[in-house]
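So this first bit is one chain, no partners, the form predicted alone, shown in structure tokens.
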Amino acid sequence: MSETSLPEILRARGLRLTAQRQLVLEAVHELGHATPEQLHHAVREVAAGVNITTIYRTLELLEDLGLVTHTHLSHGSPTYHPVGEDQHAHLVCRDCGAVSEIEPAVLAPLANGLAEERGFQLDIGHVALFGTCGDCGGAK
């Protein structure tokens, strides 16, 4: 879904469009992958009065509306990104913190095996694999 559909989605749920909701969604789209703290920093550049609690509540609403999703890329805050992006998994380097994306097809054998053996449907958009990137010596 695009940012321009936010007013229609909110109205359909009996909610109103606020500047804060629009700013948070725009920041998610602009930053791509961002923690609530990173989003807070970006939004405060435009609207200094927006606090971190508003960011968290707005992200929760936007996720309930199906506009953003999150994944946990570290022990810290979740990372949010737009739902409209192609589904992907994340590779997180434990040494330098670099995050890269991989196509879901890489995990298809795992997803298919889990579905067949356990009836488990893997949510690839929430998968983060931790290891060491090639720049840090992972490809020795």
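Counting begins at 1, following the sequence as shown. Fair warning: this is a prediction, and the values are worked out from it, not measured in the lab.
Another form, the form predicted together with another copy of the chain, is not on view; read the next lines as being about it.
- In summary, the region of this chain contacting another copy of the chain in the predicted bound form, judged by heavy atoms within 4.5 Å and restricted to 53-61, 39-47, 72-80, 26-34, corresponds to 72-80.
- Proximity of L10 to another copy of the chain in the predicted bound form: non-hydrogen atoms within 4.5 Å are absent; the residue sits far from the partner.
- Though the partner is left out of this view, R118 does reach within 4.5 Å of another copy of the chain in the predicted bound form, counting heavy atoms only.
- Although the partner is absent here, S100 sits close enough that one of its heavy atoms falls within 4.5 Å of another copy of the chain in the predicted bound form.
- Although the partner is absent here, A19 lies well away from another copy of the chain in the predicted bound form, with no heavy atom inside 4.5 Å.
- Along 118-136, a non-hydrogen atom within 4.5 Å of another copy of the chain in the predicted bound form is carried by R118, G119, F120, Q121, L122, D123, H126, V127, A128, L129, F130, G131, T132, C133, G134, in order along the sequence.
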